[in-house]
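Only one chain comes next, encoded as structure tokens, the form predicted alone.
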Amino acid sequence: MAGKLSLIKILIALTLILLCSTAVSAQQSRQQVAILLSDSEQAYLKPVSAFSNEIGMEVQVYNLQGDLRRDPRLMDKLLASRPSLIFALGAKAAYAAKLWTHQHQEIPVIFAMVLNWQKYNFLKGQDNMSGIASEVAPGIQFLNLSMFVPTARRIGIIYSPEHSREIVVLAREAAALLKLELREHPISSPAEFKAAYRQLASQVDGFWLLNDPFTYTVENMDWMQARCIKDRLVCIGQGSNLAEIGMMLSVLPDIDNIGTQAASMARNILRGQLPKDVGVMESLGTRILLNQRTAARIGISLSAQALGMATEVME
């Protein structure tokens, strides 16, 4: 009789273990990743598609539609789904993800496609945040400039300390390694941009344009592309439209790789890597857009090898 009772106990224990295992397995199968979009920009489509295909988990997309106040219940909807991770695209989505997970830092966040991410202090006081930088590192940009125009040794930078102090510090370090000379001019409003350009133009061989809200305005860029040609100066920036409107060189991240890179980061984090240890990674891959017509107008002769380095040549 005692032997039968022991056997029954063992069978019950095994059944309970099996039920618990099945419950855990079911719970894991229901795990999902939340993708949070700032708005409905076309540029987000490829990263979302690549991430969704690579992550190997259920994906739920949430959209702020350009305004955190548009759907007051969106935060509750997202958190109620208990996502294993949030992939936030755009500055508003990254800010919302930081805000919404401040009391839920067990939910990791990866942000991407945020220009000048340093100014938002996403990592401050938040151990669950990591990301992919949307700017190509200054050293890579300067290196590309040197390959296309080896004679450009003095580089002008117009920036606002309020928005671009950190990136300028990195630029100084990169310039020192490449033996380039930076000529800096800080400004405190977009209206000061043209005067700053005029002050630097005679002292430099070219300008490096930042994604800074005080410099990167439609009026300033339209004006500058004409002045760079008139003054025969090389201008390099990160916006794809810069080469299109007439500046010589744009060096920018390849957004086609962002979704795949984020999925790889997400898998590592979900396996136990801490987001604070991941930090903000450089984007994998760059696109180089070259305006050959502008190069000719400012007196730059480009070899076939140089043209071959460009992702896209505009004639």
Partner chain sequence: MIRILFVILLLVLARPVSGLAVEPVDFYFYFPDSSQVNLSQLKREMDRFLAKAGFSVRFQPFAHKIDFDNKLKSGRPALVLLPEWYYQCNGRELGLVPLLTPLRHGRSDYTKLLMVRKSSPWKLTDFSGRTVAMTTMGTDNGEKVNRALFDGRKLDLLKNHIVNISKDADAFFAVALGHVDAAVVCGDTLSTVGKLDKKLVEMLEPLIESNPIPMPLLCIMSGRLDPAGIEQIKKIFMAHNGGSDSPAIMEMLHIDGWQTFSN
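All values derive from a computational prediction rather than experimental measurement. Numbering follows the first chain given and starts at 1.
The same protein has a further form, the form predicted in complex with its partner chain, not shown here; the description that follows concerns it.
In the model of the complex, its partner chain stays beyond 4.5 Å of every heavy atom belonging to residue 66. Interface residue remark: residue 126 is not counted as part of the site for its partner chain in the model of the complex, having no heavy atom within 4.5 Å. Contact check for residue 306: a non-hydrogen atom falls within 4.5 Å of its partner chain in the model of the complex. In the model of the complex, its partner chain sits beyond 4.5 Å of every heavy atom of residue 70.
For its partner chain in the model of the complex, the listed stretch (278-286, 242-250, 34-42, 58-66) containing residues with heavy atoms inside 4.5 Å is 278-286.
This chain appears without its partner; in the model of the complex, the one residue of 195, 99, 143, 79 with a heavy atom within 4.5 Å of its partner chain is 143. Annotated contacts: 137, 178 and 271 all touch its partner chain in the model of the complex [non-hydrogen atom within 4.5 angstroms].
Contacts between stretch 247-262 and its partner chain, counted in the model of the complex as any heavy atom lying within 4.5 Å, involve 254, 256, 257, 260, 261, listed in sequence order.
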